[in-house]
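Below you will find one chain, with nothing else, as structure tokens; this is the form predicted alone, and questions on how it binds or moves follow later.
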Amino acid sequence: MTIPNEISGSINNIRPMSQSANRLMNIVADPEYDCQDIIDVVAMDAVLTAKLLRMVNSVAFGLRVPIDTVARAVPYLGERMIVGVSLGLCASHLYNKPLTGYESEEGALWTHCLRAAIAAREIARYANDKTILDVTYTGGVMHDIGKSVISIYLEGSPRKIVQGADSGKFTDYIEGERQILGTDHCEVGAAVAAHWRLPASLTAVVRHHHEPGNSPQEHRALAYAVHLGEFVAMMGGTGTGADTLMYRIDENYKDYISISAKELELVVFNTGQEYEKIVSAMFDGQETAF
């Protein structure tokens, strides 16, 4: 597919990712990264440091002794949460705006991606390739970023796509996007990832999270983990509007992820618990997380 010029122009106008966020994503994309590398990046970013310390000292964590350094905060928040918060901060203008082209409210994209990231990380524990564990969370946060760009171009179309899918005209929501725009949120999201110069693994998962079998072999397990994580998020009640549960599950995930029905139930439960804790810590009485 070729992204229409107007949409390409919107991508090119997206402001660059912060240096801290870019460095963090490149660090976790390396299976052999050192936690100290993450601490060093965060400690040099005053805004990110302040946000993380506010989170770890929130009621959700219930700590008796206040945490006042990044090094002490990391064991409580975890590397994946730090990367997720960093992404949310640097791209809040994309994650928090209402997706009018999907008929969803302000902030729906962020809560969906956050829950999908948690679920994908849980699912990755059952992957045959254990090297994807840490980068899976970041892939989940990033996977639907293309929706923030194409939403405006889909205004007035969601009901038409849903009706087309229900009648068999479209196989799923992705095909409806392609028929109307000549592209889809996966392709556009991958272009955003390229614009931000993200690692190849993250660009691949953004491009292929609905068709993980088309992902390059070295990133396929990652794509399948995020693919399943998104469905867990939607089933948990955090979708992005009209397209919620309007996609197909690729059953070939079984070749890359060995998870039973009972284990999947546990993933759903653990994801819900972790999601509520993180949302409570991120918002902590505030109107917005960022």
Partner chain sequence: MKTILLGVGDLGVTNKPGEELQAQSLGAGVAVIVADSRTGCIGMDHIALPDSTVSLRRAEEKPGYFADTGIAALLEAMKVFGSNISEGGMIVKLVGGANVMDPNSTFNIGRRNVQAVKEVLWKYGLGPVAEDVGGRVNRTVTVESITGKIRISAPGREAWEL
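What you see is a predicted model; the values in this text were computed from it and never measured. Positions refer to the first chain, counted from 1.
Below: the form predicted in complex with its partner chain, not depicted.
- Contact with its partner chain, judged by heavy atoms within 4.5 Å in the predicted complex, is confined among 157-165, 181-189, 130-138, 73-81 to 157-165.
- Within this chain, residue 171 lines the site of its partner chain in the predicted complex, having a heavy atom no more than 4.5 Å away.
- Residue contact check for residue 66: none of its heavy atoms lie within 4.5 Å of its partner chain in the predicted complex.
- Contact check for residue 228: a non-hydrogen atom falls within 4.5 Å of its partner chain in the predicted complex.
- Looking at residue 211, you'd find every heavy atom of it more than 4.5 angstroms from its partner chain in the predicted complex.
- Contact check for 16, 37 and 48: none of the three has a heavy atom within 4.5 Å of its partner chain in the predicted complex.
- Contact annotation: of the candidates 60, 29, 235, 53, the single residue with a non-hydrogen atom within 4.5 angstroms of its partner chain in the predicted complex is 235.
- In sequence order, 259, 260, 261, 262, 264, 265, 266, 268, 269 are the residues of 256-272 having a heavy atom within 4.5 Å of its partner chain in the predicted complex; the partner itself is omitted from this view.
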